[in-house]
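Below: one protein chain in two forms, given as structure tokens, structure 1 then structure 2.
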Structure 1
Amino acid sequence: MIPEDTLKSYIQNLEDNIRTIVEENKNELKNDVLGFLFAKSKRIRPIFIYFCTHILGGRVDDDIQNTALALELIHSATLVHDDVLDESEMRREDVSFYSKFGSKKSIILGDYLLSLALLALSKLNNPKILKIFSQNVLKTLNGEINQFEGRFNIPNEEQCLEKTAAKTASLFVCGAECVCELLGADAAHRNALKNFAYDFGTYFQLKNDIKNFLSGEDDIKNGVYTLPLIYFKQENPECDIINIDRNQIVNYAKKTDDKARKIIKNALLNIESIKGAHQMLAGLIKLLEEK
């Protein structure tokens, strides 16, 4: 486990870099952008990069921090665009850009965040890192496109997990691959961390889906059905998903949680080939669950 003070210093450095890159490329909506970027956030993607760096015995230097910065900015951009697609009024416990500015300005702001991510990547001057980002961001966006085109169609479990991995896990894979490239990891370590990142990203999204499902925030009206709803429909094909009672909600949330825990348990087993990785990544999972 990374010492708490050390992790806090990494995150502080990341947030200093966020402020700097926005200030250096500011516009009339600078304060709104900073408010969004510093609203309640787990910073889990940069934290994942820091854990991968420590597992490989590396140092969190400027290249690692610029990679973390680019990944956080790309993730933030996808959230802005997601809110336009979903017509979401809230984001990170605050009013969304979509609700505040409408779709046109929100799309521009999302593009602005993507541009900042490209600036951060340019500081690495590393074509291989750029290629890793390009490949994985493309997977993320293809996942978004396929999800949008598949609205109101209820997939099976396998299709749902594939969609989840494409939409969410790809950015975690991106982070793991970049760290491995920057630190010169061997093929065995690269494959182990990449596979773990894929499963961890899937687990992370399933846990979010469970939380939203239990809180009533699962947006059924937009036709995007998460795994708890899919389990419900598999066992109750004739029932209206809008009329699920509380007992059923808890039951299918638990079934999804069981699946998520099975995925992450298998992921931890597959990482045991790297000395110390199991213990450190188990600590990361615990940290995630506490946030």
Structure 2
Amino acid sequence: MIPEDTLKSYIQNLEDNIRTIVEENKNELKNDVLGFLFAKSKRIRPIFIYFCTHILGGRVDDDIQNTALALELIHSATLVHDDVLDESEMRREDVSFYSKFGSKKSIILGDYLLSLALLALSKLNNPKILKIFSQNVLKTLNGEINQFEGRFNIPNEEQCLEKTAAKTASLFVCGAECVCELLGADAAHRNALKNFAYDFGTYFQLKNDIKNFLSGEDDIKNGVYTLPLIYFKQENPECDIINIDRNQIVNYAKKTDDKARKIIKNALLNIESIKGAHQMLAGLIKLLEEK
């Protein structure tokens, strides 16, 4: 396990790098971009990268930090654009950027974040890392396109999990693959961490879907149906989703939670032979559960 002070110093370093890259490439949106990047965030993807580095016995050096920076910036870009697509009023318990400033400013803010991410990535000067990022960002986008094009259709469980993994797990897979590449991990470790990242990312999104579903902050109005609704619809094909009484269907959220638990158990199977992996997973789950 990474000592708490060490983890804090990694995050401090990441946040210094965020400020530096914005300062060096500032424009009229500088304060907006900093406001967004420093709004309440758990920095889960960078922490995921630090954990992977530690369990492989590596050092959090400049390349690892630039990877974490690029991943956090790309993730932030996807969130700004996601709130436009979902017409979300809230983000991280605060009014969303979209809600405050509208679609047009959100689109260019997302583009600004994406451009900064490319710049961070270029600092690694490593075509293999560039390829890993390109492939996984494309997968993220494909998950989102699949969700957008499939609105108001009810997918089956398998299709839903595939989309869930594509839109959310791909950036965790990206982090794991980059760490393995930078540390020269062998094929067995690459496979193990990649599969672990896929399962962990899927678990992460399912927990998010359950939370949004139970709080009424999901995307039913836009025709995006998450797993609790899919389970509900399977057993009640005649019922109309739009008028659903959430209190009556909490057991479908529970069924989704059971599925998420199965997935996270599987995540652990992938990495159980790696020393420190259990503690890493426990640390990540604790972080997810924190407010």
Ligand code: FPP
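Quick note, the numbers are simply positions in structure 1, starting from 1. Heads up, when I say rigid core I mean the largest set of C-alphas that superpose within 1.5 Å between the two forms. Keep in mind that this is a model prediction, so the values were computed, not measured.
It is structure 1 that shows the chain in the form predicted on its own. In a rigid-core overlay of the protein, Ile18 has its C-alpha displaced by under 2 Å between structure 1 and structure 2. When the rigid core is held fixed, the Cα atom of Met280 travels 2 angstroms or more between structure 1 and structure 2.
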